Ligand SMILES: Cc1cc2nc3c(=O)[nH]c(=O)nc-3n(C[C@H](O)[C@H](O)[C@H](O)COP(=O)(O)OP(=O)(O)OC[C@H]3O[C@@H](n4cnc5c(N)ncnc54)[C@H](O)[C@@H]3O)c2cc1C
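Just the one chain here, the form predicted on its own, laid out as structure tokens.
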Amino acid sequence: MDLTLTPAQLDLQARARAYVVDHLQPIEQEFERAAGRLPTAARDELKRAAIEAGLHGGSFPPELGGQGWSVLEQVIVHEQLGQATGGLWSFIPGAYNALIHADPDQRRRYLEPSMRGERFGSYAITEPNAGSDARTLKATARRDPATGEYILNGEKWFVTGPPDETDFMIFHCLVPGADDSDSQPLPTLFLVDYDTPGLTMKHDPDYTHTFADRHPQFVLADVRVPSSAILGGLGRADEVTNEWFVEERIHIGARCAGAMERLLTLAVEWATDRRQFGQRIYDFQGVSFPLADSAADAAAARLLTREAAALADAGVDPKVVHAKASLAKLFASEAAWRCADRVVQVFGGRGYMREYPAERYLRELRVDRIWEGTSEIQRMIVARALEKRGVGRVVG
């Protein structure tokens, strides 16, 4: 497998790098001090600069307003985005890949304005009693035979989207069968505007990290939507959501690899300049050896993630790509957490100050082992693939 980047891909990588260095990193501390809020003008500037750099809607084809990037090209961009704290890349205009299944009217109302940075959507899957096991979802959409509308009910947690920006959700629920008893319910996605009567935000909790995306809790009580709000067709929610999980797990692996690169760069610069006991602290093996271990982790994480992306681009068996994406996400997220912990130790007391990136990464990278499938879920996926697909196809 040749993972050498083409001149066009190197140019894309450089544009993403410049966007991060020129626009995201300079406002990290301001964003932290503001508890994860940015003025409207600042948000608009981030969106404008991203569009100008051609970084918006990366995974969508040009005919839908996107850039048409391959999965590998998405990875080399997310490697750069991971080098900014605060998840500030969330302000780049784009959309969840589920919207590729939008019909023409849904594209006009949701996808096209999202590509212009005028709208942001969220994905509502998790529930108070349904996390990793989507089979236990309780949210429902019942058709009203009198009007043809669907009546949505349910409570959703960790509904991801930037505050003051997000105005619609992709609601994952079950449509009961024809007789409401014997027939299997159909997992279905609905597009729901936040201003629809019956939809309310129940709680907007604070989390360990300061992040551009908030993860509030919503209740939908007898929310009525037309049948035209169905995204992708009745019964296709699991299939469409799984497409998003695979893509996002690869993106998480890439961002974790990028975070490790920045952490190591900062740590090496600090340790080779800082002197104690008459010598550079880098010359103490207790400082340099953990960084060497993290360098091995960072290189492995990058290769695993790029390999998963290249296999996806090559049209390899989706089950194998699924396993490779889980493998990359598992390793990269666990390794990035170790790296952040080591780098905080290298910086000593400064590593515990929020004005230093190492401290912020320590808080932020922890969640990568949880969201879009915990490390335990990734291990289950990989273990099953080892049995069903064969060791050679998973590790080869």
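The numbering used is simple: start at 1 and walk along the sequence shown. Computed from a prediction, not measured in an experiment: that's the story for all the values here.
Although not depicted, the form predicted together with the named molecule is the subject of the following passage.
Q. Within 4.5 Å of the named molecule in the predicted complex, do we find a heavy atom from each of G131, H215 and T374?
A. Every residue of the candidate spot has a heavy atom within 4.5 Å of the named molecule in the predicted complex.
(Q) Going by heavy atom distances of 4.5 angstroms or less, which of V159, L174, V321, M115 would be at the interface with the named molecule in the predicted complex? (A) The residue in contact is V159.
Q: Evaluate Y282 for contact with the named molecule in the predicted complex, applying a 4.5 angstroms cut-off between non-hydrogen atoms, and reply yes or no.
A: Looking in the predicted complex, residue contacts with the named molecule do not include Y282, since no heavy atom lies within 4.5 Å.
Q. Is there a non-hydrogen atom of W270 within 4.5 angstroms of a non-hydrogen atom of the named molecule in the predicted complex?
A. Result no; W270 lies far from the named molecule in the predicted complex.
Q.
Taking the named molecule as it sits in the predicted complex, is T126 near enough to touch it, meaning that at least one heavy atom pair lies within 4.5 angstroms?
A. It does: once the named molecule is placed as it appears in the predicted complex, T126 has a heavy atom within 4.5 Å of it.
Q. Within a 4.5 Å heavy atom cut-off, is Y194 in contact with the named molecule in the predicted complex?
A. Output for Y194 is no: heavy atoms all beyond 4.5 Å of the named molecule.
Q) Out of the stretches listed (159 to 167, 303 to 311, 232 to 240, 106 to 114), which one is close to the named molecule in the predicted complex, meaning heavy atoms within 4.5 Å? A) It is 159 to 167 that comes within 4.5 Å of the partner.
Q | Neighbours of the named molecule in the predicted complex among 187 to 210 [non-hydrogen atom within 4.5 angstroms] | A | Sequence-ordered list: Y207, H209.
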